[in-house]
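Heads up, the chain below is alone and in the form predicted alone; it's given as structure tokens.
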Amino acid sequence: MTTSHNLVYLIALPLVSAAILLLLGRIADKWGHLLATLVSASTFAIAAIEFFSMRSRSGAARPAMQDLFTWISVGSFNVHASLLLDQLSICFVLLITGVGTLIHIYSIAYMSHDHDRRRFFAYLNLFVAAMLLLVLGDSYLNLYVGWEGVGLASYLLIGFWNQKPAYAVAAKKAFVANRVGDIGLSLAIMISFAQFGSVSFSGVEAGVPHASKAALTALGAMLLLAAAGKSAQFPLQSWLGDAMAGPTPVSALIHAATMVTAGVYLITRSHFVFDASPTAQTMVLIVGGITLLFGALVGTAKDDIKKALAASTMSQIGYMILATGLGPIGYAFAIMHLLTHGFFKAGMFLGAGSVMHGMNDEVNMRRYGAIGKVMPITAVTFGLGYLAIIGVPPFAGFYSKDKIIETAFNAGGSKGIIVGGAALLGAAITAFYMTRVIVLTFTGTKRWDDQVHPHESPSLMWIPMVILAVGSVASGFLFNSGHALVNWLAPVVNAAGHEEGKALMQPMTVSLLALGVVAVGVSIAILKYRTVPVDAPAGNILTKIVRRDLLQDDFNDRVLVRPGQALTNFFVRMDNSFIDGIVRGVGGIVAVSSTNLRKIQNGYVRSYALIMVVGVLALLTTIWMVTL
């Protein structure tokens, strides 16, 4: 383990810059966005320096650590505020700072007319600092601080335009859903302390072989609950679509490249727990499989371009979660898909923002059409991301998603058939709904009003889109070449050197199957959406259900919201009638008693003398009775 003194700057720089922009207020309006962008670029430079320094070292010397201070010291329980940069966390640090810097640059132009642009950039840097703390903390408790910071920053960014009630509601919905998941992480920390006397990753890993299966299953279940909340996985997925209320750069940074991947990081970082608990690992597979199909189905019916991409994000994170449930071989492929997804999905979200910029903030794809003719850079960069996500070779998604599908099929037995089949079906639906987005937005005939004049975005917006498009093309090949990423991550997620079992389905067979279902999905979408009405048709009952997000909000409303409101109203009535009734009753008794006692204070000496005589007689009587 190497000691580094630079890790703290990765967190401190964006955190301090956020504080400066918030505390200075309007003074920083003219230059706040430039400071925030410069700081984000500086953190990327530090991350790159650390990465190349790590590559120059070998073996156990590769990870770097920085001990800041002792946070908690009670008896034998000690928690240090320490930062850990290893082969896993550096992947996230580079993604957060690299993609984050591109989104900062994009936001300079995208938010140029917003009165509160300085505050927006302050929130962006607060988010970056919290996300970096999340992936750099060396214990679950340190991670938890960043985890909560990310939740706060996402709430502020989703509700940035909170003058619109619907946007404020969306921010609260995301916050509440994430808090449910946060309870899982809190309980996981408590279980770790109770079972192992430690909350550090190394301490928990050392104690896992001596823990009971029940304890490991409980710990894994709580970690999975936390991951489901932050990564919008079943059953805590309902907040992600509404979170598109935030500015489009927020969707690109938080809901495509970074925050929603925190759950994948948590499970991968906790691989020793899930590897030791087959039950918890099966739970991960189930959640990932359900979510990848759930998100894909929802994406087929969304006319809002950002919500279609949000559903796609939910589905792709489902692939990553599923991969982490496939054991030591799957973790590296989950991270590979996470990194490639960071490029192509962030690029597509920025492309959606570019389209909205040229279409007077219109988000309904049925009112687009033929935009590719007037916005060629946006169309090409978005198109490259599209080819990457549906898995066309040699684009990024072909390498990462195919590896997940292959590993799923090779899990063996009925599990392999079910999980692999779900992943393959998800690929087909992905090809359908993403082709639908392309056809409705960039091809066909124009369907916009004459008052709208679509145009290409300024260079500060399209340059980041071009860079991300290059990543969409090349990243998968680079990560897969010579098993580069698998070998890089092996010391962290596969230190025992587990190898893939007997291949039940060869890579070429999986690739041909995947390409076959992709071709089917693309063809159906083209045939169906070559010509579309501006207004969505009513559709059959199944279509209506899918358009309503498979009734997830209806379910939550009936099962959680209404019973919760009824319970709250019951307690309010109990408080008013019983608790407050007791208080009011005591007050009434005191008032009545004081009124009656006040009557004897009449101001007559004879009355007072009589009271004294009665008192003396009562006292003498009492003494006499006691002495008998």
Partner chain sequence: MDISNYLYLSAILFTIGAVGVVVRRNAIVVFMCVELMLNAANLAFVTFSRINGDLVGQVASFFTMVVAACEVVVGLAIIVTMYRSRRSASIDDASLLKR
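Numbering follows the first chain given and starts at 1. Note that the coordinates shown come from a computational prediction; the quantities given were computed from them, not determined experimentally. Definition used throughout: the rigid core is the maximal C-alpha set that superposes within 1.5 Å between two forms.
Separately, the form predicted together with the partner chain exists; it is not shown, and the next lines address it.
Heavy atoms within 4.5 Å of the partner chain in the model of the complex are found in exactly one of 595-603, 23-31, 60-68, 42-50, that being 595-603. Although the partner is absent here, residue 9 sits far enough away that none of its heavy atoms falls within 4.5 Å of the partner chain in the model of the complex. A residue is said to contact a partner when one of its heavy atoms sits within 4.5 Å of a partner heavy atom; residue 609 meets this definition for the partner chain in the model of the complex. Using a 4.5 Å cut-off on any heavy atom, none of the residues of 415-440 reaches the partner chain in the model of the complex.
A movement of the C-alpha atom of residue 9 falling short of 2 angstroms is seen between the shown form and the other one when the two forms are aligned on their rigid core.
With the core held fixed, the Cα of residue 19 is displaced between the shown form and the other one by less than 2 Å. With the core held fixed, the Cα of residue 59 is displaced between the shown form and the other one by less than 2 Å.
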